[in-house]
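First, one chain by itself in structure tokens, the form predicted alone.
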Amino acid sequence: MIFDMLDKRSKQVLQAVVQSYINNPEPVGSRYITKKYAVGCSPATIRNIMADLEDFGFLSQPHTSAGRVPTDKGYRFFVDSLGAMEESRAQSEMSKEFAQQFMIRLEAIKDDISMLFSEVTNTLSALSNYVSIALPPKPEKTTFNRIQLIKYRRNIIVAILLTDEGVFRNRSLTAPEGVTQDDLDRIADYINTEYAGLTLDEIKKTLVQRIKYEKVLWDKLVNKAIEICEQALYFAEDDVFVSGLYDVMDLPDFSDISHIKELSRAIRDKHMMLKLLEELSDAEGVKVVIGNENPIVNLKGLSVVTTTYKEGERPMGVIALIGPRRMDYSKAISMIDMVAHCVSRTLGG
């Protein structure tokens, strides 16, 4: 790797430039690095090192007489250099006391998945001033526990579904013709007996097989049960919880309204956003995607920090922060890691 071509002093200077620019979005000069950081060499030497780093593609110079700013490659070097030390920093960035209070809040609302992930994204965006995004547990990864069916109006049923992970969802369904509350109670008993312990994805596959091979053998009530079950298990798989779009407007990086519009368009494109986050959901630990590494065009001027939350060892969903390339990566990594651990403990508790 080209990172290995840098000597110790060049790496120190590069880290200093990136950290300085993160702290203050002004081009960084050699004199500032000499005064602020103990690199042990003169401004002239620093200038030469910074010129070499520019040649390698780690830095760029906006104007001939200006200092230098990090490129995507420079940020990548900085993030990769953070390494395992972020695990020890997590406790200092978000104290144990905060984590305990956050856990208490999550525990109190864990039966309402919408409230839980709204709390998660609101907390992350408030702490970071970046956009926070969360994907709730994927239906195919959650395990069915039981369902309750309630006749609401003549042609409307309210289905209340609970999973083994404690995920609670409800939705309105179209009632089959002539179904009564007694029928619904019997149907719920049938579904709970037949499918408890299976993942929702397994249930859907089972339904498809039964519809294909056994439909002629069913009585009318079982047909109604399957029809209701199909509707009830089709919860929105593209739920995306987003907070903090207005918070980023206060950052100097978003003084240009076009950047806000690009971010808004990217978030509104749920298909692309889901594709990006689902690709990153396979990564272990915290994943950082910087600038042009983003596959989404409208995010190429931004960075995305993601991690998964789990139920035991099983990945359940994704939490992400979206911010400028000049993101405080150390803080973002610490925060998102801590929040993900809290969510995992809540869902697995």
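Just so it is clear, the model here is predicted, and its values are computed rather than measured. Note that residue numbering begins at 1 and tracks the sequence as displayed.
Below, we refer to the form predicted together with the DNA, which is not included among the displayed structures.
Practice task
Name the stretch, out of 317-325, 302-310, 286-294, 48-56, where some heavy atom lies within 4.5 Å of the DNA in the model of the complex.
Solution key: Flagged stretch: 48-56.
Problem - Touches the DNA in the model of the complex: residue 9 (any heavy atom, 4.5 Å) - result: Contact with the DNA, yes.
Practice task
Give a yes/no on whether residue 298 approaches the DNA to within 4.5 Å in the model of the complex, heavy atoms considered.
Solution key: Close contact is absent here: in the model of the complex, residue 298 is far from the DNA, nothing within 4.5 Å, heavy atoms only.
Practice task
Mark residue 280 yes when one of its heavy atoms lies within 4.5 Å of a heavy atom of the DNA in the model of the complex, and no otherwise.
Solution key: No, residue 280 stays farther than 4.5 Å from the DNA in the model of the complex.
Practice task
Would you check, heavy atoms only and a 4.5 Å threshold, whether residue 61 touches the DNA in the model of the complex?
Solution key: Flag for residue 61 set to yes.
Practice task
Residue by residue through 68-82, tell me which have a non-hydrogen atom within 4.5 angstroms of the DNA in the model of the complex.
Solution key: Counting only heavy atoms within 4.5 Å of the DNA in the model of the complex, the single contacting residue of 68-82 is 68.
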